[in-house]
Structure formats: structure tokens, C-alpha cells
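In C-alpha cells, the next block holds one chain alone, the form predicted on its own.
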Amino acid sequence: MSSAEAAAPIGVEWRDTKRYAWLLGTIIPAIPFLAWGLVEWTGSDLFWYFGPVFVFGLIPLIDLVVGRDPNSPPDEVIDSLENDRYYRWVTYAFIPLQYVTLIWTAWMLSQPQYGVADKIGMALSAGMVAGIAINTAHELGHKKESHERWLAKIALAQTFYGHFYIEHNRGHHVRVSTPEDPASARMGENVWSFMPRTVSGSLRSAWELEKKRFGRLGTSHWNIKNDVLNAWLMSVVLWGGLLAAFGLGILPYLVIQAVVGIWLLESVNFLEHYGMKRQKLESGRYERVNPSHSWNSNNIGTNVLLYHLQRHSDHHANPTRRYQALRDFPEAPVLPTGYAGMIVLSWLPPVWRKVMDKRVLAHYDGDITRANLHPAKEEHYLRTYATASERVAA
């Protein structure tokens, strides 16, 4: 019996049916090793590209076959569930496995018997690990314990995306589902135009947040205590060590895996708040974040591999709450399938809009003015989805 179950108040019967399934997340760092094993077993070099096939092919299939899990912990067991340290060690275990995979991949990339096509496949598979490692960093970076925040930075070093630690916690969570947030996609925006906007906007935001913090302290932000700079320094040390050990020839592939990891993260950002908008109050401030401002999914496959990231509404309502205690809310908008499948759907913007735009409209009871609209598409949407009363008035 887990400590959460043992400590549950009398009369409250609940158990985490996914308790040991969370260990499946450790499969992710094994992706490059699985690719290598398949190449050796079959003799086909195509299996170096197993990583993208696993993430965008097998995981969506698992989501469809296994189905959804509406099981949420009751309020009475939340505290005891969060204090069950087993769940923390599940996330901690990911990081050493991530680094074993990265070092092994770097060694493989240095081997002369492999061609460019093979090494691109290795980099893509390593990029899948890197992207999901950012999600592990996301889980740890929200916690109050200093060692977990440092582990988050270590997980981010592989992709050179350490500023995510700052921007996500102090930027995105403040501005989420508003036009001012670079990580909240607007209705009518496609993932390809969203990428440069969110990557550049998040970087600027993280730097400005740290600059303001040091301004309040009355000191220069150009010092090692700047969390953007010290996170980047971790990446410099890591990449420098890999290049020193395995040669400059691996540099292009390190860049590829980092870009793929960042792209995977920002693809998730694209779908998490697509079209969602917090309304402005009479004071001019935005309403408080609530479950209606994030897209949720209860597909078990992706949820287990991403530590309940798809229960995103509860995460924004309770950012420090640990993944095992996140709940589902009936008022949250629901994606048609899990994140992995939705990322694939986003590659085809016309299909994405056909599937998602009507869901955004339904979420706002047909009032398109309440959605977060892409400025370039705003007039089109207002004209296309005008309410009956507006049509009459026109």
C-alpha cells in the first residue's frame, strides 16, 4: 500500500491505478538504444529514425487503443499523495538515464562507420529524448525544493533551452491565455508561424524578467546568479565536454537534436492553449486563470509518459502541485486525442483548423469575440462566425 493510500482519511477509498505505470516514462531515454537494437537486429539503417516513429506513430496508437482515464484523486488524499516520495524518484530517475543516452549518442556520432543519414537519424531520436526531458524539467522546475530546480536546469542543458525555466514559471504562468503571452497560440495561427514567435518571444521575456529582478536588487544582471546565464553556462560546459571527448564533427548533430527537442516542446505549447483567452475585467486586469483556459486530455498513454502534463488545467490552477495529484475538470475543454496525435495533426494547418476551430467556438458558446484570435485572421473569424444577432444588426 502506498503512503497516499495508507494516509487517506477513514471512509475515503482511492488508489492510484497508474502508480507503477509512471515508471514507463523511463522508456523514453531508451529510444536511441532501441533504435540501435533494431538496426542490429534487422540490418536496416532506417531504424535509426525509430525515435520519431515511436513518438508520433506508436504513442498516438497506444492512446487510441488504451483509451482515457477520468480517475482523479479526491481532495482528501491530495496532501498525502503529494508527500509520497516514490513519485519524486520516478522523475529523478529520468535525468541520469537522459545523460547516459546523450553521452552514448555522442559517442555513436563520432564513429566513422556511420554515414550522414544514419547520424541524422541518431540525432532525431536523441531529440525526442531531449524534448521530453524538457517536460521532466517542467515538472521539477515548478517545485519549491532547490535541488529539484537545479535538476530542472540540468535536464534543460541538453537543448540549450535553460531560459525556459525562467520564462515558463514567471512569464507564461502569469500571462497564459492572453494575447501578450508568446507561448499561447492564437486561433487561426498555425504551428509553423507560432514557432518563431514563441521561441524569440520566450527568450526575450526570460531575459527581461531576470533584468528586472536584478534591477530591483540594485545590481547588474550580468552575473553568474542570473538564472538565464547560469543555465546557458551549464549547456556550454555540457556541449564543450562532449565536443572535447568526441570531436567537433558531432556539433551539427548536437544542434539537430537540440532543435528537435525545442520544436517538440513548443509544439506542445501550441496546442495547450490554442484559442483560449482570459477575459478582461472592468479594472483592466485579466480574470484569474481557471480550468477553462487550457486544453486537457485524459489519454492514458501520453499522460503516463508526460507525467500528467495533459491535465493542464489543474497544473495552471496549482503550479506547484505534483503530477500524480493533478485532477481532471469537467469544465476544461478537451482535445480529440492525446498530445502526440495532436502534434501530428498540427502539421497540416487546414486539417488542424477544421478540427479545432469549431471546438474553440463551441467552448465559447458561439461567441468568437471571446477567443484569442490571430490578428491577421481576426476580421475573417469575426465575419465568418458572427452570432445571429450580429448578422441581423449588420
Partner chain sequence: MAKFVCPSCDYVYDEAKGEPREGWPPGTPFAELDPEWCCPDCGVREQQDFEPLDDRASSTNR
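The structure presented is a predicted model; accordingly, all values stated were derived computationally and were not measured. Positions refer to the first chain, counted from 1.
The discussion below concerns the form predicted together with its partner chain, not included here.
Asks: Just one of Lys280, His147, Arg85, Arg216 has a heavy atom within 4.5 Å of its partner chain in the predicted bound form. Which one?
Replies: Checked against the cut-off, the match is Arg216.
Asks: So which of Arg204, His221, His173, Arg197 reaches within 4.5 angstroms of its partner chain in the predicted bound form, heavy atom to heavy atom?
Replies: If I apply the 4.5 Å criterion carefully, the residue I get is His173.
Asks: Is it true that Lys212, Asp227 and Pro319, all three, sit within 4.5 Å of its partner chain in the predicted bound form, judged by heavy atoms?
Replies: Yes, the whole trio is in contact, each within 4.5 Å by some heavy atom.
Asks: Taking its partner chain as it sits in the predicted bound form, is Gln324 in contact with it (heavy atom to heavy atom, 4.5 Å or less)?
Replies: Flag for Gln324 set to no.
Asks: Is Arg186 close enough to its partner chain in the predicted bound form to count, meaning some heavy atom within 4.5 Å?
Replies: Flag for Arg186 set to no.
Asks: In the predicted bound form, does Ser267 have a heavy atom within 4.5 Å of its partner chain?
Replies: Judged by the heavy-atom cut-off of 4.5 Å, Ser267 is well away from its partner chain in the predicted bound form.
Asks: Would Asn169 show up as a contact with its partner chain in the predicted bound form if we use heavy atoms at 4.5 Å?
Replies: Within the cut-off, so yes.
Asks: Quick check for you: of 283-291, 87-95, 240-248, 116-124, which stretch puts a non-hydrogen atom within 4.5 Å of its partner chain in the predicted bound form?
Replies: Answer to the contact question: 283-291.
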